[in-house]
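One chain comes next, on its own, written out as structure tokens in the form predicted on its own.
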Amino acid sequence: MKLSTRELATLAVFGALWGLVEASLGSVLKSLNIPLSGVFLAAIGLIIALVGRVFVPKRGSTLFIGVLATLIKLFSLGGVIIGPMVGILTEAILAEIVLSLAGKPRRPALVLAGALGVAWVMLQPFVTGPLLFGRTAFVVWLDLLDRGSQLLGLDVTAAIWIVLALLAIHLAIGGLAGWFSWDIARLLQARQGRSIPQTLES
């Protein structure tokens, strides 16, 4: 991936913005114990990364943004940061894979990248729990059902419906993040007087 100085500066801005959102808003949402706070935080971060990809439509640019955001999160103060760092990096990797396979960034690719990135929030505890925090997959599963039961008002015995509903919520919020990131990118480019190439039109 060859980048000009201008492109590097652009990616640095988006990476720093994602990292600052994680370091500031993430701490606030966690302290308030807001339901689905991780989902909305991931959606905001991915909007930033996906807009950055539209500005610099080159393979590896989304991952570059995610790595920078991860490094900024590393130096943030307070709380356990290993989980959020893994989340940021994995979300960026998933988005990078989708966008690299799609070629030029277009709205459908951004929607899919956002959906998969936010869906990782639901799956991550099954990876980081046993590997990093010594929690068994069964305990993580019970926690997922308990949170889903409280959020959806369903009995924990309706495990399949809880999981499907939570997955649908994650995918929908992530898909909306991808959808709006396209519009935000076009709006920002229009305000800068930059025309969007025909190949990038939705």
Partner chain sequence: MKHISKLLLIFIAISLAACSAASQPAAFEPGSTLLVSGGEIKKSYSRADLEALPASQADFLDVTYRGVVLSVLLQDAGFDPQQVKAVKAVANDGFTVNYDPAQFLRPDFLVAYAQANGELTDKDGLFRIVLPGAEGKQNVRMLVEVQVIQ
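Numbering follows the first chain given and starts at 1. Everything quoted here is computed from the prediction, not taken from an experiment.
Another form exists, predicted together with the partner chain; not displayed. Remarks below refer to it.
Although the partner is absent here, V54 is not a contact residue: none of its heavy atoms lies within 4.5 angstroms of the partner chain in the predicted bound form. Remark: R135 counts among the residues lining the partner chain in the predicted bound form, judged by a heavy atom distance of 4.5 Å or less. Contact check for I162: no non-hydrogen atom falls within 4.5 Å of the partner chain in the predicted bound form. The partner chain is not drawn, but in the predicted bound form it has a heavy atom within 4.5 Å of L36. Taking the partner from elsewhere, no residue among A9, A12 and V21 has a non-hydrogen atom within 4.5 angstroms of the partner chain in the predicted bound form. Checked against the partner chain in the predicted bound form, the candidates L29, A172, A158, I44 yield a single residue with a heavy atom inside 4.5 Å, and that residue is A172. The partner is not shown here, but in the predicted bound form the stretch 142 to 180 reaches within 4.5 angstroms of the partner chain through a heavy atom at L142, D143, D146, Q150, L151, L152, G153, A168, I169, A172, I173, G175, L176, W179, F180.
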